[in-house]
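Read the single chain below, which is given as structure tokens and is the form predicted on its own.
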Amino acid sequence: MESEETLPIVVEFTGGLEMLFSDERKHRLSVPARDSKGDAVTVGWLVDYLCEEIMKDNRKEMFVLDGHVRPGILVLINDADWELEGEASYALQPNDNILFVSTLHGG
């Protein structure tokens, strides 16, 4: 049986989000190229993966709300707003850089 194909990607967090991810701003990850249904993995899949596998903080609601990236978090795919790329349905490509920036500043 051949090994599962994986995609090397970089995920970055700024604007305070890094505190949810062990205070690490940059994560070099190798993720499966396909999800459990055999479909290409998407940014939406990645968000779930980050919450389940990478986030050590219990405050997931600071990153995800109702199954979606929380309003006020800007998502850039290779320096382009994810709205231009199809948002959560964007299929990840090798060496993609996904940046999550919190624009919310608590007091």
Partner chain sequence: MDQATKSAETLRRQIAATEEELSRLREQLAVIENEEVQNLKGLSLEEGPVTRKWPLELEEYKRYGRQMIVPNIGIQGQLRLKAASVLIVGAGGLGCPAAAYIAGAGVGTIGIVDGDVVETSNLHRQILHSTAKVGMKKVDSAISFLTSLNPNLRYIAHTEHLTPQNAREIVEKYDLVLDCTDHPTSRYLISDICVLLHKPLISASALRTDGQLIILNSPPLPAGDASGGPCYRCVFPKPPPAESVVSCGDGGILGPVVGTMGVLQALEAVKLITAGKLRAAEGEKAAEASMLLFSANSNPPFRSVRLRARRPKCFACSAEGGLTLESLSSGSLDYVLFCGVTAPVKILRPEERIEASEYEKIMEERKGKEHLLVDVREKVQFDICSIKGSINVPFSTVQGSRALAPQGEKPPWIPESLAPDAPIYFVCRLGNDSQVVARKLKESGLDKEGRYIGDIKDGLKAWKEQVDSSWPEY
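Numbering follows the first chain given and starts at 1. These numbers were taken from a predicted model, which means no experiment stands behind them.
Just so you know, the form predicted together with the partner chain exists too; it's not on screen, but the next bit is about it.
The partner is absent here; in the model of the complex, the one residue of I54, L76, L29, A33 having a heavy atom within 4.5 Å of the partner chain is L76. At a distance threshold of 4.5 angstroms between non-hydrogen atoms, G44 is out of contact with the partner chain in the model of the complex. Within 4.5 Å of any heavy atom of the partner chain in the model of the complex lies no heavy atom of A91. In the model of the complex, the partner chain sits beyond 4.5 Å of every heavy atom of D39.
Though the partner is left out of this view, G16 does reach within 4.5 Å of the partner chain in the model of the complex, counting heavy atoms only. If you take 83-99 and check each residue for a heavy atom within 4.5 Å of the partner chain in the model of the complex, you get E83, L84, E85, N97, L99, in sequence order.
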